[in-house]
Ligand SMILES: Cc1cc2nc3c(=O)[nH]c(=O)nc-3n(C[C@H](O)[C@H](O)[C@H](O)COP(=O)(O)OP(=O)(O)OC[C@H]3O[C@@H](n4cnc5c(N)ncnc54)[C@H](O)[C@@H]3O)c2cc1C
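Quick setup: one chain, the form predicted on its own, written in structure tokens, and binding and motion questions come after.
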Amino acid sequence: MRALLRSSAPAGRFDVAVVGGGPAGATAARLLAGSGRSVVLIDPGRRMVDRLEILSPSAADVVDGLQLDRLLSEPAVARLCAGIRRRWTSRHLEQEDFARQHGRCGFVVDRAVFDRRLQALAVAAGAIGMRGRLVDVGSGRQGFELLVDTGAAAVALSASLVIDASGRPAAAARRLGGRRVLSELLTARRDMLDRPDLPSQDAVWLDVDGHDGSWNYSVLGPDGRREGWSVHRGDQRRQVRGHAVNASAAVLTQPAGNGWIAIGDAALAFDPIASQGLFTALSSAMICAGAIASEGSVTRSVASTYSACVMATFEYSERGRGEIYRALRSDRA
């Protein structure tokens, strides 16, 4: 992102301001810029997400629709994931073979490389990248007024539409009326990071092990890097050494309003056990861009329908997650 975003702020008014340059924001910016709208993509550019994530075969239609097949075939970006091997309440190994169940493999994605490629695609489509942190946003006479701290100055921008893709903080949506509801506070901690394997495109497995009411997983990435993570209840980011991130399940009660919409983790964030983060980022960006192209804006009707779908998706995911954690607790007993 540092190489793509301008350190100085672009002047003027935009059709769309996208806050956040991760997969959701970069994808929405690319689609809307490609449709002829003037788009500014705002991101601090200070902290690149540097971890491996799973993109399951359930995302196949979204990947095809966004024409990301070639990108995911790049050896530096992703590696094929053959499936998931789990050990839950019994020590018996359960195996979910993606190819047999879905007809194709998933991917282990290197987020740092993937994000940079998506940002480059957005800029190539015509989006203007801006390095800065959103300080404030509010409704104006002709849309929205945004105040962005570029490090050198506070810059005011205006846009007809605002897309919040800022991740879990939901920096724009919470200022525009969205309220964050936490389902459960969780911390994901990286317990293992090494390179035991040469870079390869051979398919690998995601290994998951649940015990004592918590769970951990490990996987090999496209560069031969192996990561192991453990997920625990509560906020342990200050207590543990090494890399730890917020993994809480949370949702915005109002993820869209007249002229604005939240996508990706800004709208709904999942426990990593669901492996839904990347799929949600890409699919919600696609839905957002499609709605804007169809209706011309985020109308009240669009906002109402989208909000209902976000809540229904989150509630469905939480029911499934609850069943898994109940099984883990019974294993402990």
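Sequential numbering from 1, following the sequence displayed. Not measured: the values here are computed from a predicted model.
Below: the form predicted together with the named molecule, not depicted.
S.K.: Within 4.5 Å, heavy atoms only, which of 228, 151, 169, 224 is in contact with the named molecule in the predicted complex?
M.R.: It is 169 that has a heavy atom within 4.5 Å of the partner.
S.K.: The named molecule isn't shown here, but in the predicted complex which of 38, 307, 297, 275 has a heavy atom within 4.5 Å of it?
M.R.: Contact with the named molecule in the predicted complex is made by 275 alone.
S.K.: Indicate whether residue 49 is a 4.5 Å heavy atom neighbour of the named molecule in the predicted complex.
M.R.: Result yes; residue 49 sits at the interface with the named molecule in the predicted complex.
S.K.: Considering non-hydrogen atoms and a 4.5 Å limit, does the named molecule approach residue 246 in the predicted complex?
M.R.: Close contact exists here: in the predicted complex, residue 246 approaches the named molecule to within 4.5 Å, heavy atoms only.
S.K.: Do residue 42 and the named molecule come within 4.5 Å of each other in the predicted complex, heavy atoms counted?
M.R.: Yes, residue 42 sits close enough to the named molecule in the predicted complex that at least one of its heavy atoms falls within 4.5 Å.
S.K.: Within a 4.5 Å heavy atom cut-off, is residue 132 in contact with the named molecule in the predicted complex?
M.R.: Looking in the predicted complex, residue contacts with the named molecule include residue 132, since a heavy atom lies within 4.5 Å.
S.K.: For the chain shown here without its partner, which stretch in 30-38, 63-71, 262-270, 299-307 has non-hydrogen atoms within 4.5 angstroms of the named molecule in the predicted complex?
M.R.: Going by heavy atoms within 4.5 Å, the stretch is 262-270.
S.K.: If we check the named molecule in the predicted complex, which of the residues in 14-33 reach within 4.5 angstroms of it by a non-hydrogen atom?
M.R.: Heavy-atom contacts within 4.5 Å come from 19, 20, 21, 22, 23, 24, 25.
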